[in-house]
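Take a look at this single chain in C-alpha cells; it is the form predicted alone.
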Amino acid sequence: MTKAVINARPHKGISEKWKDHLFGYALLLPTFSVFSLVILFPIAKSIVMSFYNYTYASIKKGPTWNSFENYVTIFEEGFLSQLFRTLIFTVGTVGLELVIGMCIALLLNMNIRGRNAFRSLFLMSWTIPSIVTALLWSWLFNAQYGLIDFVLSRIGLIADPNMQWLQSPSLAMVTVIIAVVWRQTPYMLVMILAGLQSINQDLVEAAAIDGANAFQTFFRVKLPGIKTVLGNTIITCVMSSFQQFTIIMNMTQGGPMKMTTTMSIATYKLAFTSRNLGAGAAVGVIWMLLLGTGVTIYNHVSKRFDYE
C-alpha cells in the first residue's frame, strides 16, 4: 500500500519551460563562444593593456602596471585635438552623405525612365575597395597631373592649376571627406530608398488630395515614415566614419601638420609607429566609451528596443 502511494507521487524534475530555456542556451553557446573569442576577449585585453606599460621593449620582460599614465600620455599628445578632428570629419562625411543620399533617393523613388540603371550606376562606388578609393582620389587631387586641378582651372574656378590639395593644411581634410563621401553615400542611398519604398502610398495620395505641396508631403509624411530607418542608418554611418582608417591613411597619413589625424590614425601611430601599445589601447578604450555612450543615448531617446 505504502509503496503504491509513493509510486503514485509526481516525479519532481526539470519543467518543460526550463528544458526549452536550456535548449535555447545550448543553441546560443557556439555563437556566444565565437563572440567572446573575437570581440569580448580583445576588448577586455585592450582595457587591461591601457593600464600597463605595454611596449615592444617591455613584452619580453613583462608589462608593468602604470595606473593612468597612458591616459595622461595621450592627452599630452593632443587627444582632444584628435577627437575634435574626428568629430569634424564625422559630421562632414555623414552630413554630406545624408543630404546627397536623400536627394538621389527621392529622385530614384520617382517613376522615371531608366530608374533601375541609375540605381546600379550609383552603387558602383560602394563596391570599390577603400584602398582603391584612396589611390583613385589621390591621383585625381594630384597637384602635377590631377584631373580635378585641370578641369577647375580650365573652367576658371581656380587660378592656380597646381593646387596642393593633399599637402595644404586647410584643404587636406576637405579632400579626404570628399573621397569618403563618394564611397559611402551609396549605403545611405540604399537605406533611404528602401525606407521611402516602404511608405504607404495611400498616405502620400491623401496628402496630395488635401492640398499638400511637395515640401509639406516630404516633411509631414515621408520623413516621419522613414524616421526609424534614417536613425539607424545615421548611427551606422557615424560609427563607420569614426572608424575610418584606410582612406585617410593612404591619402594623407594623418598630415599635413596632423590636420587629418583622427582617432583611428592616432591609435595606429601610437601602437605601431611609436610602439606604445598601452597608449594605443588607452585611445581605443576612450573611443569605445564615446561610441558606446552615443549609441546608448540614441537607443534610449528613440526607444529602439521598447516593444511594449
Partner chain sequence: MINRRSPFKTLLIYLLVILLLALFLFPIYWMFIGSLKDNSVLMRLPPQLYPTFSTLESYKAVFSNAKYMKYILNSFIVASMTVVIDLVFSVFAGYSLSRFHYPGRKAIMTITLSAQVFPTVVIIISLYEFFSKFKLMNTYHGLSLADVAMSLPLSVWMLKSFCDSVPRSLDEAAKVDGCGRFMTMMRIVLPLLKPGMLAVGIYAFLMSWDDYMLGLVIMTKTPLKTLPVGISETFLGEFGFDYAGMMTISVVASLPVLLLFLVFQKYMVAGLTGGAVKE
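Values in this document were obtained by computation on a predicted structure and should not be read as measured data. Definition used throughout: the rigid core is the maximal C-alpha set that superposes within 1.5 Å between two forms. Numbering follows the first chain given and starts at 1.
Omitted here: the form predicted in complex with its partner chain. The next part is about that form.
K.L.:
Let me test this: is every residue among 165, 216 and 297 within 4.5 Å of its partner chain in the model of the complex, going by heavy atom positions?
P.N.:
No, the candidate spot makes no contact with its partner chain.
K.L.:
Applying a 4.5 Å heavy atom distance criterion, does residue 272 contact its partner chain in the model of the complex?
P.N.:
Heavy-atom contact with its partner chain at 4.5 Å: present for residue 272.
K.L.:
Does residue 89 make contact with its partner chain in the model of the complex, using a 4.5 Å heavy atom cut-off?
P.N.:
Answer no; every heavy atom of residue 89 is more than 4.5 Å from its partner chain in the model of the complex.
K.L.:
Decide whether residue 37 counts as a contact residue for its partner chain in the model of the complex under a heavy atom distance cut-off of 4.5 Å.
P.N.:
Yes - in the model of the complex, heavy atoms of residue 37 and its partner chain come within 4.5 Å of each other.
K.L.:
Mark residue 85 yes when one of its heavy atoms lies within 4.5 Å of a heavy atom of its partner chain in the model of the complex, and no otherwise.
P.N.:
Because no heavy atom of residue 85 falls inside 4.5 Å of its partner chain in the model of the complex, the answer is no.
K.L.:
Which residues in 119 to 145 have a heavy atom within 4.5 Å of its partner chain in the model of the complex?
P.N.:
119, 120, 121, 122, 123, 124, 125, 126, 127, 128, 129, 130, 131, 132, 135, 136, 137, 139, 140, 142, 144, 145 sit within 4.5 Å of the partner.
K.L.:
Rigid core superposed, CA of residue 194 - does it shift 2 Å or more between the shown form and the other one?
P.N.:
After core superposition, the C-alpha of residue 194 moves less than 2 Å between the shown form and the other one.
K.L.:
Taking 2 Å as the cut-off, check whether the CA of residue 116 shifts that much or more between the shown form and the other one after a rigid core fit.
P.N.:
Yes, because once the rigid core is superposed, the C-alpha of residue 116 moves 2 Å or more between the shown form and the other one.
K.L.:
Once you line up the core, how about residue 288: does its CA shift reach 2 Å between the shown form and the other one?
P.N.:
The answer is no; the displacement is under 2 Å.
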